[in-house]
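Next up, structure tokens for two forms of one chain, structure 1 and then structure 2.
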Structure 1
Amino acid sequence: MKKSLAVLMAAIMAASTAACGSAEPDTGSEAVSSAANDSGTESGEKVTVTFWDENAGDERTEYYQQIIADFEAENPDIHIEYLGLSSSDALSKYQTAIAAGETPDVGGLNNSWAATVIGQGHCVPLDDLFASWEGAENMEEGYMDICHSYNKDGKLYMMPTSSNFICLWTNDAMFEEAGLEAPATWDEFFAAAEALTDKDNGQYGYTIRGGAGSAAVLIDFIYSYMGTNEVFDENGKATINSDEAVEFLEKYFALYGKSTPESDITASYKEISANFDSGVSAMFTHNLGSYGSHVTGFGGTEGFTAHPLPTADNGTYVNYGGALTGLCMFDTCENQEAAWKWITYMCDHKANSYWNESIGQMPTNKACYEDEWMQGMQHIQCAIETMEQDNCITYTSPAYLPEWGSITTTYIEPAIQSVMSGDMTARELLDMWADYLNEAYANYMAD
């Protein structure tokens, strides 16, 4: 673990230097009660802290409700008013709330668009609060550095609650029946997707995310295939439209409709996860956070296995090191003391361990590393072992760019569907993506 975190730290420092010179069930919302009065804890009356979950779902909401109940039992003067947002429209909900001055006290942020929200200038710097918090020494330093990178001023606006790792999940029975091993290279991946497809029996080798969230994951696959973590070159130009990236995209989207369901063109997490969990697809790429869904779908912890993404042709394994989720405090918060108690409760050992064990992700509190549950989870151990490999380098997406969230959702996701439908070429998509990144990067450097 130390080695992987050292690699992560080096990558973050490199990304920061370049910047200055460089889950997730999608279901509806749910509210927990809201009867408490908004008043200061000093008055002795109950305070309400409004909290938005950026990635709500039946299981996550249930886990949050348990944590909230525990928190309120320990802090009877504070009530947490929960609102669950769908991951597919959480960013737009935050942007609307910011424009209207109606933000929650505490909000959940996703690495893919955390910088977009923070960059609008309505999140409270947490540096002084963090410095005086007795639990600060247990927060993983590498993750804290990532959070400091979300804004050019280097201040802390988000406290990390979970870290992630992108997996290639495989259906054990399908691979065994086909006599195949899990693919270790991208060539093996493409071959396996074809070999595992039996359309007559409704079976596909893979399932592609073509709907909401498609751009944020596709860029990770592109750099994994290229075997590099250099999103911008020495001249500050995006590398995402390189010939090798085009080659990958042409191979990847050639799977659509042949080795994947045709419905994938509009599929978000919910649909592709269901394809895997129901046995429609033999392979599925997603992070550690889908573990709970697989346990439900497979009826237990067996029958599916987590693997790292394939290794690039140059022998390099590219690990996505910035996959954090966490909590911020908005400047509309009237009782920052109560809000900070809730934020640090989620980051402290007890809740951080329960939360990440429940959703199947990596804790951000180092005290959790010795917990028994972490030793017994295959997907967690896969993440740790992979990050400790000598050939592993860490890559972070350009999520620090304030325009990153809007670029991916407004322009790139629709373009991905255009490529899948044959209305746009892979080259055209990547050239457009590079143009947007180049402009955003230039704006970032000039600001």
Structure 2
Amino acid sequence: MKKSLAVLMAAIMAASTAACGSAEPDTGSEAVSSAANDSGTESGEKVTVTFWDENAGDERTEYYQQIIADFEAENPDIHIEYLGLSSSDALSKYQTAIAAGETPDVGGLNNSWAATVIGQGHCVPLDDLFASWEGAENMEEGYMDICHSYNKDGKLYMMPTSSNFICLWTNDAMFEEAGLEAPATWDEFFAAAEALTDKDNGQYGYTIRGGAGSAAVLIDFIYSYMGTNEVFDENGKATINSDEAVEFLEKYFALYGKSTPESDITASYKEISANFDSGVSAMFTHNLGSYGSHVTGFGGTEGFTAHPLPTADNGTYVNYGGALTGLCMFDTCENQEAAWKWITYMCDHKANSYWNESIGQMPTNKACYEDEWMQGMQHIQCAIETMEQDNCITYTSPAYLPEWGSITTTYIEPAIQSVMSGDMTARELLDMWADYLNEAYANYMAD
């Protein structure tokens, strides 16, 4: 007994010294890229650019590593040091890093909290670099405009690398069986959700995101129903508590429990996507990003289809334009030239095309639009066609307000659950939401 324990401990020690041997020598010195940068100008020395991916996953990390390998082959003097962050904790990591002054050189940002990070004043304005970049003209102007809105000074802090599009994913077999077409209007949507529900067989028409992230998607649907992109009126007051919005919420939440699973009240992405992929729900609203998970769930690219959100009664299609992910540069970056090279590499045709083809999202570089893969993917085609329609207007979510994150997580998301459970009315929720938005907007406009 004693002997075997000793052997085990020895084995553990041996393994750990191996880990130690490879891990210890570079401790500290490489923590910041500065060490590498000091000698970066000398010939043959590599410059290191640290880079954080805000939504790591087994596959995404592999795609990034491929792009990084290509980039390093083309730029032998630059080394990209990749770090994958799990999406649910990425914002916390950025907040801590900013507070401690240990940000990476380049960071991936997600539209739902990009403004929170940028608003703290530690991102480098990229306007001058962008103006002198030869690839600038190929970037989609609409996306660039949105990036400018992320901070109230109107400067550019994030370069978009990928755009998303909100889709209504449908289960083909269930629609066929019910003899239904994909809903084109919201009324059709509500009717379809009811018609596709067959509780005895464990089938529901729809699935509502009631848990984390519920507010961010709900506001998009509200404006899609209202058919307007005016979130604040000319007096700076939020329009979210309009009668139409109340009407929408009442209809929308009437689906809960009747045409959706009951657990939706605390369901976040992982639950609602599982509902769709496992054939529990016939319809599911998310964005292009869940494509890969549907391919896994349906065992191939067949059996599910992407559609745009329904069109408003006034005939307008409201496209959520803010669903961007992109890269920013932090002020701790000492070799901005190299960092900018990496950022623009991700925006340039080749990498932008490969990246978005791999993750199944919309490129931000217009040169990619001619690429073959874009024609081949149904959900991408759906996004392009919809955005080309004459009745399409673009709406920007108030996610750019600095307080947005704390308002939604602290007050709105729990209130949405109260409405779903019947403890609060739709009007009460929207009035409350409007009050918070008004205050946040006034702060935003004040200085």
Partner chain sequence: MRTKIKAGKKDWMPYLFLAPAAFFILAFLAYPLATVFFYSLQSYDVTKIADKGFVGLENFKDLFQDDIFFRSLRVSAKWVLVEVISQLVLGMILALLLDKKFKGRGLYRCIVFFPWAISGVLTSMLWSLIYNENIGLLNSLLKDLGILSNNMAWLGNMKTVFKATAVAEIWRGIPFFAITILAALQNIPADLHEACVVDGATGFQEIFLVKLPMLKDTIILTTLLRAVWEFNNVDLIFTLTGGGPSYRTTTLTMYMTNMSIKNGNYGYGSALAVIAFFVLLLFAGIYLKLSGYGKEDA
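Counting starts at 1 and follows the sequence of structure 1. Computed from a predicted structure; not experimentally measured. Throughout, rigid core stands for the largest set of C-alpha atoms superposing within 1.5 Å between the two forms.
Only structure 2 comes from the form predicted together with the partner chain. Once both forms are overlaid on the rigid core, the distance between the two CA positions of residue 384 between structures 1 and 2 is under 2 angstroms. The Cα position of residue 94 differs by 2 Å or more between structures 1 and 2 after fitting on the rigid core. Shown in the overlay between structures 1 and 2, fitted on the rigid core, is a CA shift at residue 395 smaller than 2 Å. The two forms, fitted on their core, place the C-alpha of residue 53 3.7 Å apart, compared between structures 1 and 2. Relative to the superposed core, residue 77 has its Cα moved 8.1 Å between structures 1 and 2. Core-based alignment between structures 1 and 2 gives a C-alpha movement of 4.9 Å at residue 136.
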